[in-house]
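Below are two forms of the same protein chain, given as structure tokens: structure 1, then structure 2.
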Structure 1
């Protein structure tokens, strides 16, 4: 029989940390690729540091003056490479940071995208979350800063939120490592397919709009065989996203797929 003391030990951060092995920056050999996304000031960097420690590498994204950080960790006999995306409020590509984050999720094909949100400002953070879920099905919501939420008497029903979003929702307080082991478990389950995400997609009530999206998706699939996430791209075209329009016209949107995948395995150092 497990005693109360033993149970507390199993759940404490020190015990949980034993499941995590922080790897070096040479991650040419890894099993799964993880993207870390989130608004600024959500504790995203603290989550990243909790997973990689000081064994990480920073530099610039190729061709951009935007900082890139990557590292690796091993959990449950699997190796994970993690890319810390720029903190953004949106993926609409109105800035270099947003363009980098969007393109990596869209073309980099991460096995899991972890979205870090501030539990005290959840409504504000869900805008980015829903945009990410339009691009990828494989995501985990890291409900961070739960310690601050508790201090401010903010309650979040993680189980109900998970059902609403269709992805795992994991409460954490990254500064104290609380919840990190549960986050690791969810990342592994989504990466391996043990947890099948069924994310909530933005649904338009206007039937005319939906027909337009469906027609565009059909045309995109016919004309761009390697195009990823055609539904999201169709929605951006209908919104008049000039960067997407230009990229389709000059062919750079499809070329970006191979480019970004290649960049996953070749980090351009900024030394």
Structure 2
């Protein structure tokens, strides 16, 4: 098992082995960890199946994958482990599903987070996308259901979208496996650091709230040297999120340290 001690190793996996173990993910046979996030009903499980070759049942229903599904694939001589997170509209509320997805991205620190969106309803799906980009830098947008978009005269400019979001955008039609190869390549590129993401952060917040966030970010940076996403943490603190407070206290947010996570910090799904 690889345990990272330096953060400036560009080609190394960035996932946090110690925390992953706590989350119940065994990384001993894999090089990279991929998380799959997305709104309900975007064909997320179909993408999961195309990547892994598994046949998981996917109903035309919001919120189908409640338990976490895991799979693996090999691409370009690297082994990837992929975790299918519950489909959610957001990561900011308090439902069980959202907590599972949010904590996994935050504490598990996957090497790549693939965000599956419905190309026909991009605007609504960008809500979750932007939230994920607040937590993690390493993401790929999978613009799924392109066939349906085409049929319905919806055209999405993937290049501009990629520029605006600062992450790779891959159009796919997972049902017919179109674009899956490109998706694999992008995942690999982001995982290895070949593609350096510069994700877009939300700017248009009301001035007084923005100032509050900035103050806290400043304080966080002063006190912690290794925080990956101080903005997100500041925002969570402004909502009084106890799991974040606990994580700050026991150091599980400061990436590479191998501090034990206190037992009361139950971010592992307990279904």
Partner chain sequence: MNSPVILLLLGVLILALPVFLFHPKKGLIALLKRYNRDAEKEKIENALKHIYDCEYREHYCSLESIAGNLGVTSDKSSSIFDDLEKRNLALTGNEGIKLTAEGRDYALRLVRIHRLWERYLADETGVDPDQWHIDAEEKEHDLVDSANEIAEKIGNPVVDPHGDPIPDKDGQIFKLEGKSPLDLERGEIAKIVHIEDEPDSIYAQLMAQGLYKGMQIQIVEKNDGKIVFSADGKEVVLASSFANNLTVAPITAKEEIKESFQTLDLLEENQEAEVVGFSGRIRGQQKRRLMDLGIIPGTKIKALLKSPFNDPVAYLIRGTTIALRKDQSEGIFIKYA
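Numbering follows the first chain given and starts at 1. Being a predicted model, the structure only gives us computed values, none of them experimental. Whichever C-alpha set is largest while still superposing within 1.5 Å between the two forms counts as the rigid core.
S.K.: Just checking, which of these two is the form predicted on its own?
M.R.: Number 1 is right.
S.K.: Is there a C-alpha shift of 2 Å or more at residue 45 between structures 1 and 2 once the rigid core is superposed?
M.R.: No, its C-alpha moves less than 2 Å.
S.K.: Once everything's superposed on the core, is residue 244 shifted 2 Å or more at the Cα between structures 1 and 2?
M.R.: True for residue 244: a C-alpha shift of 2 Å or more.
S.K.: Please determine whether the C-alpha atom of residue 217 is displaced by 2 Å or more between structures 1 and 2 following superposition on the rigid core.
M.R.: The answer is yes, as the C-alpha of residue 217 shifts between structures 1 and 2 by 2 Å or more after core alignment.
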